[in-house]
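Below, in structure tokens: the form predicted on its own, a single chain.
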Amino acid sequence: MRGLYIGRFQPFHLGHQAVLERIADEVDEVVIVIGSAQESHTPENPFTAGERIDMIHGALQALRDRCLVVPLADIKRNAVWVDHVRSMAPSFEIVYTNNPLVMQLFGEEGLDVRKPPMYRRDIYSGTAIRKLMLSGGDWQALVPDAVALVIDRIRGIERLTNISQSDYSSL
């Protein structure tokens, strides 16, 4: 049986890893969908789809042979979004999500939708990690070592700092 898990993974963190490990206990394979794959180089989505794939592959060494990673560009039509996902991802029987809209859309299509347990959501949040990256905080403690290596290799802190600046100067 195959499960589907969708996220932006900006960046992939230890919370994502814990959830995927729990999902992998329930299914034979996990399709990991990288949402908003067309987005990069913005404060909310600083990393490219390819960089996020590198992060996930590096972090999930033990599960790599049971995970399929698929980038998915956004479309702005919720009524056909599930068909879009189905056309871009390998087949799956179960959807794992905590996103109310995603739950609604897949549920309307009659799919088995399950809420995976959130893993320390108060700490593991892409938004919080990006803020730590900008402030010089200890973001590395919140991501797998392989993710920190990818971010260092691509000079992700420098990128995030640059793209978060305003071009307005104070007068």
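Each residue number is its position in the shown sequence, starting from 1. Nothing here was measured: the structure is a model prediction, and the numbers come from that model.
The form predicted in complex with adenosine-5'-triphosphate (ATP) is left out here; the points below concern that form.
**Student:** Have a look at 24-32, 53-61, 113-121, 132-140 and name the one stretch with heavy atoms inside 4.5 Å of adenosine-5'-triphosphate (ATP) in the model of the complex.
**Tutor:** In short, 113-121.
**Student:** Check for me whether adenosine-5'-triphosphate (ATP), as it appears in the model of the complex, comes within 4.5 angstroms of all of 47, 156 and 165 - heavy atoms only.
**Tutor:** No, none of the three is in contact.
**Student:** Quick one: is residue 144 in contact with adenosine-5'-triphosphate (ATP) in the model of the complex, heavy atoms, 4.5 Å cut-off?
**Tutor:** Answer no; every heavy atom of residue 144 is more than 4.5 Å from adenosine-5'-triphosphate (ATP) in the model of the complex.
**Student:** Looking in the model of the complex, any heavy atom of residue 3 within 4.5 Å of adenosine-5'-triphosphate (ATP)?
**Tutor:** Residue 3: no contact with adenosine-5'-triphosphate (ATP) in the model of the complex.
**Student:** Considering only heavy atoms, tell me if residue 78 and adenosine-5'-triphosphate (ATP) come within 4.5 Å of each other in the model of the complex.
**Tutor:** Residue-level check for residue 78: no, no contact with adenosine-5'-triphosphate (ATP).
**Student:** Applying a 4.5 Å heavy atom distance criterion, does residue 148 contact adenosine-5'-triphosphate (ATP) in the model of the complex?
**Tutor:** Because no heavy atom of residue 148 falls inside 4.5 Å of adenosine-5'-triphosphate (ATP) in the model of the complex, the answer is no.
**Student:** Are there residues in 6-28 with a heavy atom within 4.5 Å of adenosine-5'-triphosphate (ATP) in the model of the complex, and which are they, in order?
**Tutor:** The stretch touches the partner through 6, 7, 8, 9, 13, 15, 16, 19.
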